[in-house]
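As a starting point, one isolated chain is supplied in structure tokens, in the form predicted alone.
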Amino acid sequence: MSDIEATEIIDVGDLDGEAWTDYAIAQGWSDGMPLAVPSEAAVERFTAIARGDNEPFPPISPSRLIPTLQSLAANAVMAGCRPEYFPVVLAALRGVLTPDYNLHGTLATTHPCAPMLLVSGPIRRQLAINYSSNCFGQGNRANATIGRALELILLNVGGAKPGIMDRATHGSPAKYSFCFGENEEESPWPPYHVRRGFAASDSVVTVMSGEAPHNINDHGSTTAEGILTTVAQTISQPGANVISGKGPLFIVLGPEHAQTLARDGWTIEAMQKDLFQRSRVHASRISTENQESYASMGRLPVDGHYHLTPTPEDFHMLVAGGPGKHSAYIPSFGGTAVCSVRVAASA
């Protein structure tokens, strides 16, 4: 089935921004914020820049509609993207359409998860994607609109309507937009996408269905051991979905914490192994009912503890953000995977 069957072709030439937004809201096409007008000329500018990306898209869950490039461009226009952002949006969409990402499950759950978009490589600087101070926050057009474009595509083409298919109990501000860059310039370790097997010259979008970032505050520790203790204890929580032990998580280190960790000789691999062990949740912190529920699914404690992830490698670590002794923890939905896609060259 094509998404053309589920869309209405209208003449938007006579609608100003406010009239178009009101019309789109009435049709259920909006995330609640104002929308740019997806005129034919604007859509054509976006599709023209993406003509080098010729691989067809599979159906988007839960609607199972096969998207056209024009429908994807229209949503990117409405989100406020510039045309040059569009290849990043398409790479992100390919990431969430990877079967292991489990798009249907992540969109239909009661959990407050949203697609997290991490951008690595040269395109961060080319598009002025924020990877430094306030990289999770407001104030940057690229971050805000690239993440929003993917969310609008999942809403309008995928059919993830809040309260209908999207059954999130509370939802999350990350459902508006969740896109940030990697601070490769201040990282003492190889860039994340290089560790994933890409070339340093590649531009890569990595996606995961996750919660909004949880702050990790440590202004007092002056050693790697102290910082890792704070990180481990912060993420060791029985209320996050990763207690299921099925999914990955992200640790986003602030540059100041990263420099201390590197100064004391810690590698990414060593930190993964350390945090995998020290973030385990003791069974005494988990209710009897939950332990029985986990056991019914074959999830049993090991040495009286529950690991957060299947392996140490499921702790995905990188540097982002600016000055300040803060880091961040992004737990996943659980039943999802981390998927990385190279951004296709523009036409």
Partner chain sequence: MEKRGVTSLVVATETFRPLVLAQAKARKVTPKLVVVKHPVGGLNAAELAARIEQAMVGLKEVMGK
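Numbering follows the first chain given and starts at 1. These numbers come from a predicted model, not from an experiment.
As for the form predicted together with the partner chain, it is not shown, yet the points below apply to it.
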*Going by heavy atoms within 4.5 Å, which of 255 to 263, 196 to 204, 143 to 151, 164 to 172 lines up against the partner chain in the predicted complex?*
164 to 172
_One residue of His282, Arg64, Arg278, Arg51 in contact with the partner chain, assessed in the predicted complex (non-hydrogen atom, 4.5 angstroms)_ = Arg64
*Which pick from Ala240, Ala212, Ala108, Ala232 sits with a heavy atom within 4.5 Å of the partner chain in the predicted complex?*
Ala108
*Looking in the predicted complex, any heavy atom of His104 within 4.5 Å of the partner chain?*
yes
